[in-house]
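Have a look below at one chain only, the form predicted on its own, in C-alpha cells format.
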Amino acid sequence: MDAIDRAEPGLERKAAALRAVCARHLGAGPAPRVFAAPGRVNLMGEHVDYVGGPVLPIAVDRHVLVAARPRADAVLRVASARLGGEERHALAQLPAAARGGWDDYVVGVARAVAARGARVRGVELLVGGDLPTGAGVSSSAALCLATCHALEAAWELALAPAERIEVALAAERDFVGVPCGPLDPSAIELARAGHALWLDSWSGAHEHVPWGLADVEVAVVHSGVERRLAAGAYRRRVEECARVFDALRAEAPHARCLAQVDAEALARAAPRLDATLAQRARHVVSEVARTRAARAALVAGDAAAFGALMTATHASLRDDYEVSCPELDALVAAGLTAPGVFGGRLVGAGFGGCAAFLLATGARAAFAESVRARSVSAPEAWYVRAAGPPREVA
C-alpha cells in the first residue's frame, strides 16, 4: 500500500506522500504540482438537489489529490496511486463517450475544460488521496474538481467557481451519464472551513452558515457495503420524481420543481397518485421542510433538534424513498443507542456507503463501542471537520 493511502492528519502531508510515489507510478520527471479537493457529507437535504430543493452539506477533511506535471507530447496520461494501472489518451482524440473505466471522470473533465478555450498540451496526472470511494462522500465530484484545478494550471486557464461546478457536472452528467444534481460539486467548490453550505438547488443561491454547534462533531462510518447497485436505482428515483411532478402540476400551478410543491398540494393529489410515486413525493416534501428546520437549529446551536431531524431523514429515506439497506439501518440503529449521540442517517445516494452521526465531542468511546457491538460489521469511525475548498497544496 502506498503511503498516500494512509490517512494523514494534514493536507500538506498527504501531498508530500503523493509526490513521494509519483516517480514510481509515472517515472522520472519534473516535480509535480499537487491539487486537492475535499469530500463532502450532506447533513440534510438528501435526494432533493436534483428536484430543486435546499441542501445543507459540509466539505470534509479527507481529500482526492491529483499530482500534475507536463509532457512533451499531446497526450493525457492518467495513473492511480490507489488502484494501480494507467490510461493514455491523445488530446486531439479524447473519447467521445464514457467507456466504463475509472478514468472516465478525468476524461470528462478534460473535455469540458478544453471546450472553454484552454491551451491544451500534454499532461500526466497521478490520482491519490484518502477519501473513500463508493461511500457516499462524493469521491467522484472531488476527483472532477481536483482534476479541473490541475488542468486549469497546466493549460493556463482561470475559471470561476461557478464554471468549475459546471465542468464537474458536465463530466458526471453528460460524459459519464449520472443524472446528478448540483449538490456535490457545489458543496466542494464553494466550501468554507468551519461552515456548512446552504444551497438553493433551484436558483443556485448559497450562503455559508457558521458551524454553531459547540462541542459537537460529525462521525462518518462505512456500512461495509459498497454502492454497486446505486447508479441504476438513482436514475429510477430521478425519473420517478419527474413523473410525480407532472402529476402534481395541477395542484401546485406555481411550483417550478418538485421541491416547491407544498404538503397541502401533495395531500390533495395523494388519492390519485401511484403508491410508489406518492412515497417519493412525500420524502421530497418532508425533506425540504426538515432541511429548513435544520438550518434554523444550526444557527440556534441546537444539536438535539438538528440530530432528531437527521434521524427523521433516515427513516424517510428508508421507508418513503427506499434507498437504504439492512446494513445501513443496523449501523444507524446501533449508533443511536450510544449516549451523547444526537442523531444519524445514511448519506449520499444510499444502497450502501456511509452513515453520518452528530455527537458530543466526549462521546467517541461510547459511540464506537455501540457501533462495534450492535452493527452487522465492525467498522471504524472517522471524525470530520468542516473543511475548505479545493486548492493547490505547496
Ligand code: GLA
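Heads up: residue numbers just count along the shown sequence, starting at 1. Remember, predicted model here, so these are calculated numbers, not experimental data.
There is another form of the same protein, the form predicted in complex with ligand GLA; it is not shown, and what comes next is about it.
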property	result
His47 within 4.5 Å of ligand GLA in the predicted complex, heavy atoms	yes
Non-hydrogen atom contact Tyr234 with ligand GLA in the predicted complex at 4.5 angstroms	yes
Heavy atom of Ala349 within 4.5 Å of ligand GLA in the predicted complex	yes
is_contact(Arg40, ligand GLA) in the predicted complex, heavy atom dist at most 4.5 Å	yes
Listed residue that, although ligand GLA is not shown, lies within 4.5 Å of it in the predicted complex (heavy atoms), from Ala219, Leu258, Cys180, Ala81	Cys180
Interface segment, criterion being heavy atoms within 4.5 Å of ligand GLA in the predicted complex, picked from 159-167, 145-153, 99-107, 182-190	182-190
